[in-house]
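One chain comes next, on its own, written out as structure tokens in the form predicted alone.
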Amino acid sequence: MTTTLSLGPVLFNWDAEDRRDFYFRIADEAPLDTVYVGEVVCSKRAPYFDPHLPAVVDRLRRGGKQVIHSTLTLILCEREMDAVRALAEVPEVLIEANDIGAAALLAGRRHIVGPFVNVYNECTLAYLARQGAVRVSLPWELSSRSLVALAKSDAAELEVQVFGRVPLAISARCYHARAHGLHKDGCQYVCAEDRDGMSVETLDGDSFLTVNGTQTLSHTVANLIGQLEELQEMGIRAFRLWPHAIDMVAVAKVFRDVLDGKQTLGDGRRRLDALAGLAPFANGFYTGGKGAAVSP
């Protein structure tokens, strides 16, 4: 069974040159089929990286990667919608819509629906496919039971997130700026200080959530490497990794080796344990339990 391994867009506010170099290495060394690029969290960040985007896209394509341009998760103003319209006017660009407004704008042309659009049932999936969606990246909070039901539809290719902190929510307000006593309009790009997001603790001092500008993510790192075989048996063939400030080339190699049967699951787990120590792993959403829980 042919599988597709992809890298989602960078969610965090990395320095523009660091992000460019990250993608250059991904292009040259990572065993990925698809790479999503573009700012999905805060449009204020985009002007810093956009000048590097043509070189990044060119390098990724020369590295054999399919490149997909991701749109903002929450479009708040006409300027942000105009940016999506401008992108949609380029016919050869394949776009991932992460807002239902962007999905509506792309109706009638081939596109991707991102994981920030709620697709919880077969009817929604069929509707989006009729609008031109050829791949739907499913929301991360779906349980295996829901995935089984959706996988029975052949309306569009389905993608499941198998690694990375889970993006739980997005807001018009910026928690990151507020935590530093700043207003969103004068944030001083303080979110750039936390390359994997800012930890949020409970009153008891337990790690709870992660804040990334206007976005809230899980503290734990979703890891479905142990469920890859089960997902393939359902008919899921596309798997997404979220980038973090760790060796993502090595992480991609682990998933690729396990998917291709070149490495045992046990060895793959041990390699991931050594690579991704920023937070505990979890797979609770998949099993239908607490999202932060983990089970074999």
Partner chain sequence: MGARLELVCPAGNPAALRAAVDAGADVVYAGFADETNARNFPGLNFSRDEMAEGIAYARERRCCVYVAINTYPGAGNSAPWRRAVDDAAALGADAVILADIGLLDYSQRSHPDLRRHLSVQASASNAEAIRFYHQAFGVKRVVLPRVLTVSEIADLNARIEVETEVFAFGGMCVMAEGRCSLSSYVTGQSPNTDGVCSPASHVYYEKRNSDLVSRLGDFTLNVYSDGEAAGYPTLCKGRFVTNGRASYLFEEPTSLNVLTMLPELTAAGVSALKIEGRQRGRAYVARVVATFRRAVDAAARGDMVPAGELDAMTEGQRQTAGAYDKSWH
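Just so it is clear, the model here is predicted, and its values are computed rather than measured. Residue numbers count along the first chain shown, from 1.
The form predicted in complex with the partner chain is left out here; the points below concern that form.
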| query | finding |
| --- | --- |
| Residue 159: touches the partner chain in the predicted complex, heavy atom cutoff 4.5 angstroms | no |
| 4.5 Å heavy atom contact, residue 223 and the partner chain in the predicted complex | no |
| Residue contact check: residue 185 to the partner chain in the predicted complex, 4.5 Å heavy atom | yes |
| Contact test in the predicted complex: residue 178 vs the partner chain, heavy atoms, 4.5 Å | yes |
| Within 4.5 Å of the partner chain in the predicted complex, all of 31, 60 and 245 (non-hydrogen atom) | no |
| Partner-contacting position among 93, 86, 134, 169 - heavy atom within 4.5 Å of the partner chain in the predicted complex | 169 |
| Residues of stretch 119-143 in contact with the partner chain in the predicted complex (4.5 Å, non-hydrogen atom) | 120, 121, 122, 123, 124, 127, 128, 130, 131, 140, 141 |
